[in-house]
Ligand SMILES: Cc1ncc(COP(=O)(O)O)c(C=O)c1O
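As structure tokens, one chain now follows by itself in the form predicted alone.
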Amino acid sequence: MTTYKHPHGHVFYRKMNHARPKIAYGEGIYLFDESGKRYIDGSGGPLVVNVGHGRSEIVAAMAEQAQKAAYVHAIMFTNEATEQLSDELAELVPIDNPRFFYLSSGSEVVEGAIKLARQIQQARGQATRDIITCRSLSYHGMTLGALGVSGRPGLRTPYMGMMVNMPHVRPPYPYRFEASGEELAGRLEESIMAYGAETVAAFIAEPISGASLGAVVPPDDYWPAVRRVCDKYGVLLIADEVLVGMGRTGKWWGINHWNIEPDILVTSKGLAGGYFPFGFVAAKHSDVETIRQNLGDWNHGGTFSHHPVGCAAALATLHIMQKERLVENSATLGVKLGEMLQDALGHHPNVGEVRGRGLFWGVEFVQDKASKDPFPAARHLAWDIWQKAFDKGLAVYYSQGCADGQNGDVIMVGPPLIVTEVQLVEMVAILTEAVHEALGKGA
């Protein structure tokens, strides 16, 4: 067991009782601390690093743009990086003739998306529509608006009196909720009717569930049914691709697996590969034009919106992904990663389900396979497994609360999309050792 000295300094960390090694540099899928110890970045941080660490071409693109003009105010100016990135993304985003608004984080783009949905409805003459329907056991960001449409109790509870809590419907979760996509879409329809269609502006959801549930893939009939319900009642569909976008699931966008066109799409994490805090809100040209004609401007903004250095980083990241065919690599090796995890852990008595798509997989742990009872939250099982893997040089992503908002443990694996099959074998072997140390090998 490696012992980490708790840092004493002036940095305010989120996890204040967890010491951390100091990273000296990164290369490919690896990080190296100042002692020389190597860590496999098996989750790309929180599913951010998609093209790997130490990509000199991204650094060069950022430096070149910073030298030309590090910052210009988007109200006053545009720049070539922003225009080119938008033109190239327009060929990839599943929205007809999209327009892009760039911000600095996943929380910000979600906040922007729900405000945009409200203003689209206002511009259409639907001023009473101000409800954003969402899903329980979901996560969309840490700002108060994003928390209002999230469903993770542990993150929301301290701030309930400060935010507008939006209506929640049951998420697709086949392992625990045996419901078809049509049935789940029916729950959405019931919610819209209960509040009144004239009050509902949009429905927001992750195409494949991210950190809260851990790589849950919905039934194949879910998204087509949801799209039909939204169309029936004039409700905008917001696809939150902050985590699952940019090739993570083996297609450019998670929603591509069902050939569905959302009205608004947001992404962040992988857009600039972790080299710059960046994300976008994408909307239909026709809806943006409706706002322009009827309202004049979108009532939103940000000092660092449309940041030219961020756009340069995202453009360089996009070119790497295209040149190295990383979306295809995610699809191909994602199948192998799923098979490896299933072979190594699927038969363990405390593994309830191995699930995922592309290079994004989750392993849910239970006390008993038959009952599916989760471990109590006080056991901190996911953290225990995470720590044991970390000590062995593998960084993965953990989550607690998937079963009921408090109990339920998931470990997620989502390495940079440049990963090789040999590297996946090593990752799964280390994770398996960590699981066996935490829970035993089972029968």
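Since the structure is predicted, the reported quantities are computational estimates derived from the model, not experimental observations. In case it trips you up, residue 1 is the first one in the sequence shown, and so on.
There is another form of this protein, the form predicted in complex with the named molecule, and it is not shown here; the text below is about that form.
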Only hit among Val242, Ile255, Ala314, Ala282 for heavy atom within 4.5 Å of the named molecule in the model of the complex is Val242
In the model of the complex, the residue from Ala215, Leu271, Ile238, Val110 with a non-hydrogen atom within 4.5 Å of the named molecule is Val110
Assert contact_stretch over 256 to 264, 141 to 149, 155 to 163, 368 to 376 against the named molecule in the model of the complex, heavy atom within 4.5 Å, equals 141 to 149
- prompt: Does any heavy atom of Gly106 come within 4.5 Å of a heavy atom of the named molecule in the model of the complex?
  reply: yes
For this session: Please check if Glu206 has a heavy atom lying within 4.5 Å of any heavy atom of the named molecule in the model of the complex.
Result: yes
